[in-house]
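Given as structure tokens, the chain that follows is alone and in the form predicted alone.
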């Protein structure tokens, strides 16, 4: 069976839903009743007509190689409930395969996609229309960012001169004003760091320590930008990326079968950001796709967790080489096994190497093998069964609870991050483990480990999303 012939599972389809409301509404449409004219051909397109409240049924078509969606309904969600329902119908065997061709309305959209994909590749290969004008624009923006970095340095110096204790009583106004100045300087990365600084005072016990740490990292980024012309190339690229200076992906293209490890969204008042983690079966590389949407809207790019995507990626410079652009897709198929797992010690060593290249890195993607979720004195942790050591005879209340560098505890365990401790995925992880070792993919950092997907030994081909 070809990749295009492999049906997705219902879990993979529902993982594409932009929110719970769409998931529930799509599930109701995943039956034959409201559908007519549904079909699928060798190009991996699925289409159908769905009865709605109007006189004319909605025309829905999905290109499963993307996936990409089109529907005549007025919804602004991607995918809409009709696309989810159609995919669920297909996943359940309710869409006949082997159609001679798509109907005209579906073929028109599919042909437009093929044309746009070809145009985008040609445009990327051609480069900017006026390289000299592009160079002048880049110089002007760099000068504005430099002015912003110098102003931020003065603000940080004033803060430390006045004492960190004053930050709590000063309120958020000064931080917001400083962040706005960084936006004016066209340095969104610096603006984001300033907003994070403004959220720290009074937020948790011991906040002055964290504020000082984050101020130090911001100062380091400022100085790095002001000295970027003397930095090694990869580090200079990381600095440009951290201050918010975007650059096109310039690394060599890489075609692989990419296992979709995890997908989740984060949002603020301006933007919704979707992060999709991939693992290359042949190359062994981990890649991160970012997709953005306006506030309150789901980004368009969505991939079913647990599937394998045959695609070409092109990496960006800096940031450890994780971020990549999706250049071309050839098909999706079911997955077979999790990526190779690391011990906790090896995972932390990988995080340490990544920090050496990007000191502003919050977390690093790793797959841990043979770990067990377990309760500790102050929450949940993952215990590495390969590093099991005899328990200390010292009573728990007299032990030193201070984690070792990197968050690793002396007994070979890593605490779960605060966000993971309160997420429903924690209970899915505990149930999947049942007290036994499992394989877990997630992000490890100085705030602990955030599990994103897991596999149990009895069903290694089934990726269980935890977010």
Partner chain sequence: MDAWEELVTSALLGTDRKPPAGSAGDTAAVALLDAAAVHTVRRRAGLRPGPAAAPLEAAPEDGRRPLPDAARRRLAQLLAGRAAPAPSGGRRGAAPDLAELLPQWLAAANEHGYRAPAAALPALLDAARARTDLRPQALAFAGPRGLWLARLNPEWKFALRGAGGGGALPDPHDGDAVLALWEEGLFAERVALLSAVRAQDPARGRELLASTWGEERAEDRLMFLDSLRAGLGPADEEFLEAALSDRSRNVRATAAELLSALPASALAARMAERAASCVSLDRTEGAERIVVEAPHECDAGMRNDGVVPTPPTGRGERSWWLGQLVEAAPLDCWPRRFGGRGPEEIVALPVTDDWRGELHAAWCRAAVRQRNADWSRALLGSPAAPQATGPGTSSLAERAQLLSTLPAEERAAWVASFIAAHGLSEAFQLLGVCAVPWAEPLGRAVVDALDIARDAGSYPWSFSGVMGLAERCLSPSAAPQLAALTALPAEAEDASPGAGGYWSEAFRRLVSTLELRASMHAELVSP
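Numbering follows the first chain given and starts at 1. The model shown is predicted, which means the values in this text are computed figures rather than measured ones.
Another form, the form predicted in complex with the partner chain, is not on view; read the next lines as being about it.
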Is it the case that residue 156, even though its partner is missing from this view, gets within 4.5 Å of the partner chain in the predicted complex, heavy atoms only?
yes
Contact test in the predicted complex: residue 28 vs the partner chain, heavy atoms, 4.5 Å
yes
Q. Even though the partner chain is not shown here, does residue 18 get within 4.5 Å of it in the predicted complex, heavy atoms only?
A. no
Quiz prompt | is_contact(residue 249, the partner chain) in the predicted complex, heavy atom dist at most 4.5 Å | solution = no
Note: exactly one of 220, 226, 290, 180 sits with a heavy atom within 4.5 Å of the partner chain in the predicted complex, namely 220
The partner chain in the predicted complex has a heavy atom of only one listed residue within 4.5 Å, and of 163, 131, 98, 340 that residue is 163
Only one of 259 to 267, 342 to 350, 70 to 78, 172 to 180 sits within 4.5 Å of the partner chain in the predicted complex by heavy atom distance, namely 342 to 350
In sequence order, the residues of 173 to 211 that place a heavy atom within 4.5 Å of the partner chain in the predicted complex are 208, 209
